[in-house]
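Have a look below at one chain only, the form predicted alone, in structure tokens format.
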Amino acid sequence: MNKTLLNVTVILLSYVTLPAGEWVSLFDNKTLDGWTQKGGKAHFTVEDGAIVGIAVKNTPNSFLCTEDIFGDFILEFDVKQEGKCNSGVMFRALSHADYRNYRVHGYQCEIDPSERAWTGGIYDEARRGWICRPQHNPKVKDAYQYGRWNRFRIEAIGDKILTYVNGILVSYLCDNMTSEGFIGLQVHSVGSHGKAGDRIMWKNIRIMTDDLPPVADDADILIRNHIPNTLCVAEKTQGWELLWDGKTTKGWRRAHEAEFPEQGWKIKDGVLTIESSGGGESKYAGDIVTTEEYSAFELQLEFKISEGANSGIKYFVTEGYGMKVGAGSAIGFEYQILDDKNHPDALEGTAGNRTMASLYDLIPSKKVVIGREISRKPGVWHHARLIVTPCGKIEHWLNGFKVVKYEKGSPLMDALIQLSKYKDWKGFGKWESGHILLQDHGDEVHFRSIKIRDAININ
């Protein structure tokens, strides 16, 4: 049995054989008793023991919602689609007068018949947008089978939320924004995908709220943790460690020096901030580096830029190589952090290779993936992911999308280096290990949830 099949078997056994409470049906197979419609005017009816949602023109997203409120639960249901209209199931959802005039908002398990195949991802409806994309976990792309009945399972227990599609774990989210709310069946507004008359059908809708089995902590997919500066049990099981503890300067120091800068960087409310120097490189702060060096690793962090800001995440930084303090930033590969619209450096370099998430001055990041423009705006938190494998294959990710990939030491990289600002640095990019660096470029930039794990088993 291969590893993927073994993991699926473990997942199935973990929620089938563990002791659990009793199931309660949310649908009597005949009527819509216990449900009420919110939002748009899509049609909801009952046919052959299933709730049927029918898309209509010129109306916003429609939701058929439970009258009861649920906190911790396990929800299971079957779904079938006829047509390409997007759909989903809301949970811990809310609707009240002081939030956009009763706009339904909250967590949604995506049901996506399009080619992007994001079914089972978790979308924060009318609030934060995508918070756990299946794009992070490409193994689950084919879990959903369009045109037939599919079995879904949502586990919402405390701050852990897991979704399964046909027995396959698709999303693992840690989040504490909302602890309870109603469940809602969505018929999406008719737009570029889908058309009036498209049908979404649900049946076998049941919920368990007592004696819930424990959440699996051996998940073999990337976990998205939106609780700042924390690690859930499953992340620890996967080998993740906090690279910054959210409170102190432990594990970091100023580049080329033994201590952390006394001024310029501040720690407040779980956020590590480089303060603006009022233009140009900071007089007091400077770049900070990890006290440890890393070779093969996977890094995650969240960052937020101010308008017009410039910064970066450098890796394979070797302080004995290149510039010294006072002469500029330490040298290494750089995951660029930049306000592309308001900083002039975005127009420098070649083909946009100095824009956000690019391999600075070498490889431009993708701006559009699966027909979707990736958010890069200032003033909001962005998620960066950096994968460095033992064989030298490296990836940059931004907000759930892979935007750069390359191979360290390859002929192509050697050629790109000769065309870049690094061409005169002998041996640039050949390092086997180095520090991780957060760059001070004189602009206000915020960091949090910095975590790392060994990548020795990644090819």
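Computed from a predicted structure; not experimentally measured. Numbers follow the displayed sequence, beginning with 1.
What comes next is about the form predicted together with another copy of the chain, which is not displayed.
- Heavy atoms of no residue among Arg128, Met177 and Ile223 are located within 4.5 Å of another copy of the chain in the predicted complex.
- Proximity of Gln418 to another copy of the chain in the predicted complex falls within the 4.5 Å heavy atom cutoff.
- Mapping the unseen interface onto this chain, Thr350 counts among the residues with a heavy atom inside 4.5 Å of another copy of the chain in the predicted complex.
- A residue is said to contact a partner when one of its heavy atoms sits within 4.5 Å of a partner heavy atom; Lys366 meets this definition for another copy of the chain in the predicted complex.
- Although the partner is absent from this view, His43 stays clear of another copy of the chain in the predicted complex, with no non-hydrogen atom inside 4.5 angstroms.
- Across the options 418-426, 50-58, 64-72, 24-32, residues that bring heavy atoms within 4.5 Å of another copy of the chain in the predicted complex belong to 418-426.
- Note on the partner interface in the predicted complex: the residue among Ile122, Val170, Leu362, Cys85 having a heavy atom within 4.5 angstroms of another copy of the chain is Leu362.
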